[in-house]
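Shown below, as structure tokens, is a lone chain in the form predicted on its own; questions about how it binds or moves come after it.
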């Protein structure tokens, strides 16, 4: 193991980590917004929009992120829609994650007993107020374990960004291996930096899940 070479590569991996984290979390935020919108549309049983949401969810859950990125980055320019590699990464991750987030939040919404909405309305709330202040917060709370799992899954999926020329962690590792043949050193740094990115999310998610469970069920 060439530790001197690893020390020289550290700045490159730090820059790659910053790019990966930025695009990854932008994609996660977009995924959450899309997911909650689709879940609400399906829960409210809005006729046309519900069908559109269902088609979107099935399409993006059943196609690989790599294919979606290729379509966004290489196919869209053929019809005059050219986007940057970074925007492609954010959109690809957001659209893929939105499909998974939607199903997770929808499951949370369906776990809430209808009596809760009826009780809220009997106290003078409108149906929308009952949904916003009573149903949705509980559904999101119950969906936290699944949402955290989705976040970790999406952040790991950033490893395919290198296919659209984004200088993320994977791109940096492959580039250095190709130039200097320091395979073990580069792969070791790759693993370490992915752990730096993902472990805090996993630990924080476990703490939040434990706290929410404690708040809901008591000690």
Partner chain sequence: MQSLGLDVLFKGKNFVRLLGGLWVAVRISLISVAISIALGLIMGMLMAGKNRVLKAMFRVYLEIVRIMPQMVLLFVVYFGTTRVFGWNLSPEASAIIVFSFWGVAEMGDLVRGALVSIPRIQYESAEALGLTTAQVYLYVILPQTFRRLVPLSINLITRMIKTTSLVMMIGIVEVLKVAQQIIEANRRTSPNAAFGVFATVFLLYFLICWPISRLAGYLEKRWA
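Predicted, not measured: the structure shown is a model, and the values here were computed from it. Numbering follows the first chain given and starts at 1.
Omitted here: the form predicted in complex with its partner chain. The next part is about that form.
Evaluate residue 45 for contact with its partner chain in the predicted complex, applying a 4.5 angstroms cut-off between non-hydrogen atoms, and reply yes or no.
No, residue 45 is distant from the partner.
Is there a heavy atom of residue 133 no more than 4.5 Å from a heavy atom of its partner chain in the predicted complex?
No - in the predicted complex, heavy atoms of residue 133 and its partner chain never come within 4.5 Å of each other.
Is residue 18 close to its partner chain in the predicted complex, meaning a heavy atom pair under 4.5 Å apart or at it?
Flag for residue 18 set to no.
Should residue 170 be classed as touching its partner chain in the predicted complex when contacts are defined as heavy atoms within 4.5 Å?
So residue 170 counts as contacting its partner chain.
Counting non-hydrogen atoms within 4.5 angstroms of its partner chain in the predicted complex, say which of 49, 187, 37, 29 makes the cut.
Answer to the contact question: 187.
Where, within 172 to 189, is there a heavy atom within 4.5 Å of its partner chain in the predicted complex? Residue list please.
Read in sequence order, the residues that approach its partner chain (within 4.5 Å, in the predicted complex) are 174, 181, 183, 184, 187.
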